[in-house]
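Encoded as structure tokens, the following chain is the form predicted alone, with no partner shown.
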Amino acid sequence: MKRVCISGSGLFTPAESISNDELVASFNRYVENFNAENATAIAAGTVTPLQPSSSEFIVKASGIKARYCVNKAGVLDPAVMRPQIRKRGDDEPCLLVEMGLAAARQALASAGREAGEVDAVVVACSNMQRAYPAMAVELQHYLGCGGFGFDMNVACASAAFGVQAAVDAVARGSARAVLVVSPEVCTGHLNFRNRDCHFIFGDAATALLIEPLETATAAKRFEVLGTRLVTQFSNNIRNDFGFLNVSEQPGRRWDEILFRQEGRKVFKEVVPLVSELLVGHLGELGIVPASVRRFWLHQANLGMNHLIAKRVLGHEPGIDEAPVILDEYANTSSAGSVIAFHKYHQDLEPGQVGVLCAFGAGYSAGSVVLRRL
């Protein structure tokens, strides 16, 4: 069994950003239009009036201040309220692959590797653009890799699950190097007309290069000391979009099949699940939690991340111990913890330990313990 490391990371950030104020203005115009159009029914008590949102509410509920988006105009148009993307032909890369390619090339460059040295590509993300062919195989084709590729979906925990699959492949010698790519157009599965969740998601793509420690040449490498995964079934975070929607009788409106969650239940149940995963995993590796230099956590909710870090560390976490990108990127699903790693790993000293942790629907959670070399 070979020792394995993360030798490179990459991040693609869309050009357009939407502030809370912009998002709220759009949502509130939709609310005003809806209430005006249904004034008679509202007065008769047969329709419930919609309530406006506010930037203060969003920050208090989540810590989010802005989010990047592949199409700002469509999201902010009260008559559309979803990203609008160009239809592509079969002879050009799909949007998620295009985003993933940018992140993957950056990861390769940071690791000092060429695409031809990669034997496997894993596209690990929450929402696939299509059923098949696999986006990983398409990305492999456009990148110029050999070997094999496959897609995997474990919701927001996908990147951590992808890393374990990559580590296993490299450690056992079935691949010289593996790219784990997480492209997310989360705004495409978000109901921007739902006050409880219209602010949650943003778009981005990340990539990690995993290779044997003995042959890695990058200046800053992170040895993978261990990975650990856990799943526990729950309907409290759910997305019902799929090819059988059109066959259902009776049918459902498009906004009934998109992302929805029971936020309070998720908070109450996921915090102990993830905290116990991290404490148990570190304990198995003989690492005292308080000695961990940094936690790169899934970026879903500021309060949730704060409480998880506090339970694991045993004290109030500082921003340096558990960095936040949530305010700028919002929840980017599987990409979130890797964005945090990508932006906040350069200052770790040799020998220091960090933990990348992703968690989400399923429930699913994954822990990757790393040591800077």
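Just so it is clear, the structure is predicted and the values come from calculations on it, not from any experiment. Start at 1 and count along the sequence shown; that's the residue number.
Not on display, but discussed next: the form predicted together with a small molecule.
Judged against the small molecule in the predicted complex with a 4.5 angstroms heavy atom cut-off, the residues Cys156, Arg195 and Asn301 are in contact without exception. None of Ala66, Ile325, Ala61, Leu50 but one reaches within 4.5 angstroms of the small molecule in the predicted complex through a heavy atom, and that residue is Ala61.
Shown without its partner, this chain lists Val266, Cys94, Ile257, Ala102 as candidates; in the predicted complex, only Val266 has a non-hydrogen atom within 4.5 angstroms of the small molecule. Residue heavy atoms within 4.5 Å of the small molecule in the predicted complex occur in exactly one stretch of 143-151, 85-93, 196-204, 107-115, and that stretch is 196-204. Under a 4.5 angstroms non-hydrogen atom cutoff, the small molecule in the predicted complex lacks Ser275 among its neighbouring residues.
Contact between Ala171 and the small molecule in the predicted complex is not found at the 4.5 Å heavy atom cutoff. Of the heavy atoms in Asn38, none are within 4.5 Å of the small molecule in the predicted complex. Residue contact check for Val167: none of its heavy atoms lie within 4.5 Å of the small molecule in the predicted complex.
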